[in-house]
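Next up: a single chain in C-alpha cells, the form predicted on its own.
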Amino acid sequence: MSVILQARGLCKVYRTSSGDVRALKGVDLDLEEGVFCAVTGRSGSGKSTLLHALSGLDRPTEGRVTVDGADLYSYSDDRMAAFRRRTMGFVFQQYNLLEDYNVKANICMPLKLDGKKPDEAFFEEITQTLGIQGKLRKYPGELSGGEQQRVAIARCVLAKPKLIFADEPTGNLDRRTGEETMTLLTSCATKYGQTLIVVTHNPEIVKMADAVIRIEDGIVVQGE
C-alpha cells in the first residue's frame, strides 16, 4: 500500500497569557492508504491538535503535511478549503449538522458547496447501508444522537473522500450506539477504500484499528 498522508517535524505552539504551550513537539508519521488508524492518549496529550494539523483545520507552527502528494500548507486558505472538501471527510463528536436543513440537505451540503450534484445511486446505497433512508425529510432535532451521527457519516462518505478524520465520534453516544456507529463507520471506509483516522480514548475502538498512534505530551510514543 502507498502512503497517503505524511507528517514531518510537526509542531504546534499556542501562545497564552501564562506562556507558550507546546501541544505538538516534532511529530513524524506516515499513514498508508486504506488503513484504519486510531490516535489515542490521555486528555490534553495533543490528539485533537494532531488531527487538526493533519487535516488542515489548524496550521502548525512548524513542519510539513503531505496529503496524496500535495503539500497541504503550501496552499492559500481558500485553496486548502477546496482541497479538504474534495479529499477529506470529517466526523465530529458534536455531529455539526445544520438545524434548519433536513437530513437529505445536510448529507448533500458539502457537494452543494463545491457546486456538485450527488450521485443518486450512491446516495441511496449509503443511506440504506446506514439505515437512515426513512429519515431523509426529518430535521436534526427530530433524531436521536445515534441517528444524527449516522447522518454525519453519510454526509462525510457521499463526497467520496480519500481520507476520513473522526474526532471522538462516539463521545456523545451510549456504549451500544457507539459500537454500532463505529462498525458502520469502519464498514463504510473499508467498502469505499477510504483511509480512516479516529481520535479516541476508547480502548475498544483502539482494538478495532489496523494501526495505533499513541501520543503523550505532544510526542508520538508508539506507532503500530
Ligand SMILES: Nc1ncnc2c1ncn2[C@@H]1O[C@H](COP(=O)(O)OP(=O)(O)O)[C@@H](O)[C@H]1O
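What you see is a predicted model, and the numbers here were worked out from it, not measured in a lab. Numbers follow the displayed sequence, beginning with 1.
This protein has a second form, the form predicted together with the ligand, left out of what is shown; the following refers to that one.
- For the residues R42, R64, K191, K160, the 4.5 Å heavy atom test against the ligand in the model of the complex is passed only by R42.
- Using a 4.5 angstroms threshold between heavy atoms, L10 stays clear of the ligand in the model of the complex.
- Heavy atoms of T195 never reach within 4.5 Å of the ligand in the model of the complex, leaving it off the interface.
- In the model of the complex, the ligand lies within 4.5 Å of some heavy atom of V21.
- Shown alone here, R155 lies farther than 4.5 Å from the ligand in the model of the complex, counting heavy atoms only.
- Using a 4.5 Å cut-off on any heavy atom, the residues of 44-79 that reach the ligand in the model of the complex are, in sequence order, G44, S45, G46, K47, S48, T49.
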